[in-house]
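Quick heads-up: it's one chain on its own, the form predicted on its own, in structure tokens.
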Amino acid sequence: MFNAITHSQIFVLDQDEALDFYVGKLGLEVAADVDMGFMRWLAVSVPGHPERQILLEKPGAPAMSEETAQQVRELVTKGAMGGWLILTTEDCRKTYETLLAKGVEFTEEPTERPYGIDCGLRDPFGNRLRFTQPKG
């Protein structure tokens, strides 16, 4: 049946600001940036892995009414949309220091876990992210 997950989605409140954060600070790359007329299809991926993309979607038409979009924006800002983006790195502490120097705000410093070392942060909109250095 299925053989891959190719796209995931998170809501962002400003796609240009999202580009600055996800590409400029986190170091992801633009996989797609297409003006579809009714929406901007903006997706990023880990460098060298365009087969797995994250759609950075702005809440609004045509997917939802303005009333619903406002509710979604409020939930995003509160960090209450649920879900996570979890990335991996070869050196969690080094990546943490690099991103800290770029002004990324963390919710949790690198911590030893049974599965490796990880830490937590939020994007400028409230979405929760983690990155992990797997044990191994």
Partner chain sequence: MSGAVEESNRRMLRARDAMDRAYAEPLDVPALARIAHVSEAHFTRTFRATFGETPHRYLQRRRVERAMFLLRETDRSVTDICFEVGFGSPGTFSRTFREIVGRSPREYRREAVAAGVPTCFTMAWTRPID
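Numbering follows the first chain given and starts at 1. Model, not experiment: these values are computed from the prediction.
Just so it is clear, the following notes concern the form predicted together with its partner chain, a form of the same protein that is not shown.
Partner-proximal stretch of 22-30, 66-74, 87-95, 42-50 relative to its partner chain in the model of the complex, 4.5 angstroms, heavy atom | Result for this chain: 66-74.
With a 4.5 Å heavy atom cut-off, would you call Leu13 a contact of its partner chain in the model of the complex?
-> Answer yes; at least one heavy atom of Leu13 falls within 4.5 Å of its partner chain in the model of the complex.
Gly79 near its partner chain in the model of the complex, any heavy atom under 4.5 Å?
-> Heavy-atom contact with its partner chain at 4.5 Å: present for Gly79.
Verify the contact flag for Gly116: yes if a non-hydrogen atom of it lies within 4.5 Å of a non-hydrogen atom of its partner chain in the model of the complex, no if not.
-> Gly116: no contact with its partner chain in the model of the complex.
Interface residues of 112-135 toward its partner chain, as seen in the model of the complex [heavy atoms, 4.5 Å] | Heavy-atom contacts within 4.5 Å come from Arg113, Tyr115, Arg122, Asp123, Pro124, Phe125, Gly126, Arg128, Arg130.
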